[in-house]
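Form predicted alone, single chain, as structure tokens, below.
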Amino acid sequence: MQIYDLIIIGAGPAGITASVYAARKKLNFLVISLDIGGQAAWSGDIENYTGYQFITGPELAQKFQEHLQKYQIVLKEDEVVLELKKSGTVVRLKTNKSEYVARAVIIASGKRSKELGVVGEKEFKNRGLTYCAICDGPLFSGKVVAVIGGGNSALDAVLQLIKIAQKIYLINSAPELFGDAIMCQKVETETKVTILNHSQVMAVLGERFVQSIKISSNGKELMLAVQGVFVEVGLTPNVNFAQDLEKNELQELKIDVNNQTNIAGIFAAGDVTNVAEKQIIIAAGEGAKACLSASRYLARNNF
């Protein structure tokens, strides 16, 4: 079996930046990822990525893909890593399609949407209930919808849906919205949006498709007639395959200043790690650091 210098797991901002650096270092490497762009591809309007005064998430993901293609990087797309094990001086990976071996690995697998865990959520998934406003928002043109959450992802979903939906309920369990101030201000001044703080979803109801949600709002039980539910209650790290790596209480991979995990030769970058701030530009920078550290590791060990 071929032994690669490096395998990068994930093709979001961290993984793609690591890939570009690996290509420029002339490493023998490949990238394994379910898709290209990661969470950045799900974002709406991006106004804080240096070099772009304004760009949408899908447009930025397209720029990432073009950068990959420039270096003719080997990408194993639609593959999911199921297992990762250090064995002697190599790391062995098993995916849903194949097995790979490398001297070093960078985990940049990002995060996935958390579920509500309420009655009706699984039954109505993709039948009115979704976890991606940018993907599915256009399906709800002229309809009444609910967005669940109070942070940046929920606010971003609301701002996208304002152009599409007839009315939006924002269901927030916290006492007040807790995203970026400018986003909070935009949402709070929109006449289409009804904000319900101190509120939680108890059940998603309907027949073939979503028709309503039952919520608890300030101690009172309410029924809201909606045709769409957008779940934006946070994210959980994609680390199921990394059983031997040390994690924090949020299940994020613990790394040091050089992006090294607790196992030599296995590095991590981006939102999957315990780096404090989750931003596209920070993930990209962490990807660059991780690749430089991995390259240094390979050189020092004469691989």
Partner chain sequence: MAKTVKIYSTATCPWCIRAKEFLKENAVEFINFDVGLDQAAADEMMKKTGQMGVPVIEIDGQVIVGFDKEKIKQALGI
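These figures come from a predicted structure and were not determined experimentally. In this text, rigid core is short for the largest set of C-alphas that superpose within 1.5 Å between two forms. Positions refer to the first chain, counted from 1.
This protein has a second form, the form predicted together with its partner chain, left out of what is shown; the following refers to that one.
Proximity of residue 234 to its partner chain in the predicted complex: non-hydrogen atoms within 4.5 Å are absent; the residue sits far from the partner.
Contact annotation: residue 140 falls within 4.5 Å of its partner chain in the predicted complex, judged by heavy atom distances. Looking at residue 35, you'd find a heavy atom of it within 4.5 angstroms of its partner chain in the predicted complex.
Using a 4.5 angstroms limit between non-hydrogen atoms, residue 242 is distant from its partner chain in the predicted complex. You can rule out all but one of 81-89, 178-186, 151-159, 204-212: in the predicted complex, only 204-212 has residues with a heavy atom within 4.5 Å of its partner chain. Interface residue among 41, 266, 31, 255, judged by heavy atoms within 4.5 Å of its partner chain in the predicted complex: 41. Only one of the listed residues (262, 251, 48, 62) places a non-hydrogen atom within 4.5 angstroms of its partner chain in the predicted complex, and that residue is 62. Using a 4.5 Å cut-off on any heavy atom, the residues of 116-142 that reach its partner chain in the predicted complex are, in sequence order, 126, 127, 128, 134, 135, 136, 138, 139, 140, 141. Once both forms are fitted on their rigid core, the CA atom of residue 211 lies 2 Å or more apart between this form and the one not shown. Shown in the overlay between this form and the one not shown, fitted on the rigid core, is a CA shift at residue 139 of 2 Å or greater.
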